[in-house]
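We begin with a single chain expressed as structure tokens, specifically the form predicted on its own.
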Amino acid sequence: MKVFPYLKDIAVKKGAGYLLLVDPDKIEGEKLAEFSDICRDAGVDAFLIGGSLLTKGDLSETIEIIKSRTNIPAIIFPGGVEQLSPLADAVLYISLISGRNAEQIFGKHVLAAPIIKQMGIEPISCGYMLIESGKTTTAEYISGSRPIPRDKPEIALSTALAAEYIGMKSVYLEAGSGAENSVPAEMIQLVSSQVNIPVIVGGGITTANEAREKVESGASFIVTGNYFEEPENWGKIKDFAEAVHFKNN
């Protein structure tokens, strides 16, 4: 089965899917191997691998370690065209639709498309929306785009509908790595109630209860990353997975 149908099936059967974001700069080597084992046993549905800015991490090596330890799909979450690898099961083909930077909306995609085709990676088109989180995030700074105000859910809805009408397979409401405030419930509720494609929500989610609240608000997938870069938090991954998989409980 292709990765995207698998993910949609997970969301239906479990209530929502749980995705773990791995930054190759932050978790690597033996630490990554241990982390992969914990995620596998905790019930994580897929890995997102990448970052807004990679300075020392090796994307392909990260994917290789994860795939050697688990059967969980490894999906590239690219910060740029250089973050591609034929070892991945899929790539989240993100277009930064909340901004007005043409390179981030479509320009870099033209460069990446033939590489993805040659590598044989499954592309999953995704309308990516930065949401105001209380601080300037790396994604916001690197992309040179302003986030959608957190008190303007109607802007997020209009943007998400445009993504769906263009033909994108999913939309991602992103508060950003280490966000002070996660995506508001009101925004998730409005977007998810009006679009007919999966809604991914990530950024600033630091408790299992908060993850459950996002699912109850209508999120199809929850993404956590920054919080689990610290090994002392790894014991809570199962709690997050169980909170997201509400149909299993």
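Throughout, we count residues from 1 along the sequence that is shown. Predicted model only: the values in this text are computed from it and were never measured.
There is another form of this protein, the form predicted in complex with a small molecule, and it is not shown here; the text below is about that form.
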Interface segment, criterion being heavy atoms within 4.5 Å of the small molecule in the predicted complex, picked from 80-88, 149-157, 172-180, 108-116: 172-180
A46: touches the small molecule in the predicted complex, heavy atom cutoff 4.5 angstroms: no
P24: touches the small molecule in the predicted complex, heavy atom cutoff 4.5 angstroms: no
is_contact(G15, the small molecule) in the predicted complex, heavy atom dist at most 4.5 Å: no
Partner contact for V223 in the predicted complex: the small molecule, 4.5 angstroms, heavy atom: yes
